[in-house]
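Just one chain follows, in the form predicted alone, and it is written as structure tokens.
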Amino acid sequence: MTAPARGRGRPRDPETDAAILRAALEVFVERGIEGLSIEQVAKRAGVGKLTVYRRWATKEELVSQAIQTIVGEELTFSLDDLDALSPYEITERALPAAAELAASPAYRALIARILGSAVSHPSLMAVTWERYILPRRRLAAYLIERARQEGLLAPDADADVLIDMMVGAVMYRALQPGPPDTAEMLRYLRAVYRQAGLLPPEPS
């Protein structure tokens, strides 16, 4: 997670940052971006309003970084990792953490709130897209290109379309009534990535 640059003065307290981000995430999930205020976040975090404003200029920037506290830790692969491992190995290693996250109630609530804010507060989606989504799409596109070069995908496979299909499938399944538990989500993710060509076909 990349913290906003700070100006002169005392060093930032990581525990204070964590408390503010945790509070912002809780208020966002409970009330959405429309019902969230810096005052509410500050009160829940046990800090003053100015403490929050010194760190984040807008509530959209605050919420966007708070989102990364729940969904940011699974980004554990670098370009060096992608070059060292096969596309199948990378996908298989990433699936357990992805399944656990996608099956969690917190993830479901978070996705619902983000989607609900996309039209009313486009700035939140813009910041989230730039800071969280795009880095992951770039890694996924690089992985898909590797798979295409190794003959695992069709030469004309469209990376953007494949990424949208995979992400959309997971979000749609997570938001359905009676969402899958971690084991079922892992089975589903394997099926999705197999259809996308990033896992080997099941033996016949």
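All residue numbers refer to positions in the sequence shown, first residue = 1. From a predicted model like this one, the values you see are computed outputs, not experimental measurements.
Beyond the structure shown, there is the form predicted in complex with another copy of the chain, which is absent from this document and is the topic of what follows.
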Please run the contact check for T182 against another copy of the chain in the predicted bound form: heavy atoms, 4.5 angstroms, yes or no? no
Test of understanding: in the predicted bound form, would L162 fall inside 4.5 Å of another copy of the chain by heavy atoms? yes
Applying a 4.5 Å heavy atom distance criterion, does A191 contact another copy of the chain in the predicted bound form? yes
Heavy atoms within 4.5 Å of another copy of the chain in the predicted bound form: does R108 have any? yes
Triple contact flag M125, W129 and Q195 to another copy of the chain in the predicted bound form, non-hydrogen atom at 4.5 angstroms: yes
Exactly one of L50, A57, A141, L175 has a non-hydrogen atom within 4.5 Å of another copy of the chain in the predicted bound form; which residue is it? L175
Using the arrangement in the predicted bound form, list in sequence order the residues of 137-176 with any heavy atom within 4.5 angstroms of another copy of the chain. R137, D156, A157, D158, V161, L162, D164, M165, M166, V167, G168, A169, M171, Y172, R173, L175, Q176
